[in-house]
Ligand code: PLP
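Presented below, as structure tokens, is a lone chain in the form predicted on its own.
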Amino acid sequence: MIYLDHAAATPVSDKTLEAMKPYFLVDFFNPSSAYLPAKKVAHDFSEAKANIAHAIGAKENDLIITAGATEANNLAMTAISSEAKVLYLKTEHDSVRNPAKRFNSEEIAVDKNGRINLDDLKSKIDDNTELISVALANNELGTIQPLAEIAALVREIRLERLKNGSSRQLLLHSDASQATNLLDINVARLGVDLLTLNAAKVYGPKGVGALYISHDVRLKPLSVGGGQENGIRSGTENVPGVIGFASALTHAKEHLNGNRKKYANFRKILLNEIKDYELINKKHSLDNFVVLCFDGLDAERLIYLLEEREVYVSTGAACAASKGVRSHVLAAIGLSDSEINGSLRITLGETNTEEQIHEAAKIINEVVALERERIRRG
């Protein structure tokens, strides 16, 4: 098997799985219980949460643990008033797009590489705008956004509002799910007020995420109960999941530079050896994303044929592809229906070797050539 869909899911690493095991089998206690073994579990949970926060330059109390990025993105929207305006990038994941549509919302335009159009953003911010949501790196293209520039604009508008006597907040939220494994993330440098993290994209367990919240942001709980997570996210803590998240994120931080170099080399091999394609994400992309268009071919059929050869790639976001939905991300960057239908997303990861990459390029070439010949013959 050659797995090239790491943006959709990553396997839990052996080291992370070992770190989690005791909290399933031995230290299984509820952290809220009063006896000493439970208090030890509560301490370990707190320490793991602090390590996750430290990895992004934050403190333990700045984080709310969630059941993944989708919940974190939805929770971020509770920071604003019901009459507020929300601006979000046209290429955002549906877990941002759909909750934003509950408010007065507008999309921010992007260029052909998926980078934000800052002039369009400026033109759409009005006196009612309270939240701007821009993913640090896109989940279909890997496009990295200039968050520090966006944050500088947000600060300017806040100052203007204060001068004009307005107390309306303006917050910057970013979903960093895809970026955490490849970028050195620091919330102060980014200038964000809210940041979404996802364990499942960094070789940690699925169903675990976190939302960073700056000190002056106030959230409203999506559910109420026992008051865990400062009353914002009630429910018995997912101790094994958070232990695993901390382990995986620590590993990711330690191997950032090595992974970037490895993936850049793999990407170069693919682009040199695969034939008859157009590269879609030409600039500002994470090193492990390779998005190729085979115009005139059906990417879903290519995926099926590649699967038969045990090479696993995708057409974009797994949740959209499973429903047969046309990619709004590829449409946003100006691709035609034919180009969208012929586009494959390859995302590299720690499971890959250079030998696999050469083999994958060879198999992709063979499958594409056979498909073109089949179509030519009619």
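This one's a predicted model, so the numbers in the text were calculated from it and none came from an experiment. The first residue of the shown sequence is 1; numbering continues from there.
From this point on, the text means the form predicted in complex with pyridoxal-5'-phosphate (PLP), which you will not see here.
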Students should find that, of Ser133, Ser247, Asn198, Asn288, the residue having a non-hydrogen atom no more than 4.5 angstroms from pyridoxal-5'-phosphate (PLP) in the model of the complex is Asn198
Students should find that, of Asn281, Asn238, Gln169, Ser95, the residue having a non-hydrogen atom no more than 4.5 angstroms from pyridoxal-5'-phosphate (PLP) in the model of the complex is Ser95
key: Contact of Gly68 with pyridoxal-5'-phosphate (PLP) in the model of the complex (heavy atom, 4.5 Å)   = yes
query = Does at least one non-hydrogen atom of Ser174 fall within 4.5 angstroms of pyridoxal-5'-phosphate (PLP) in the model of the complex?
reply = no
Does Asn73 reach pyridoxal-5'-phosphate (PLP) in the model of the complex if we count a contact as any heavy atom within 4.5 Å?
yes
Worksheet entry | Exercise: Thr143 in contact with pyridoxal-5'-phosphate (PLP) in the model of the complex, heavy atom 4.5 Å | no
TL;DR on 230-238, 143-151, 177-185, 104-112: the one with heavy atoms within 4.5 Å of pyridoxal-5'-phosphate (PLP) in the model of the complex is 177-185
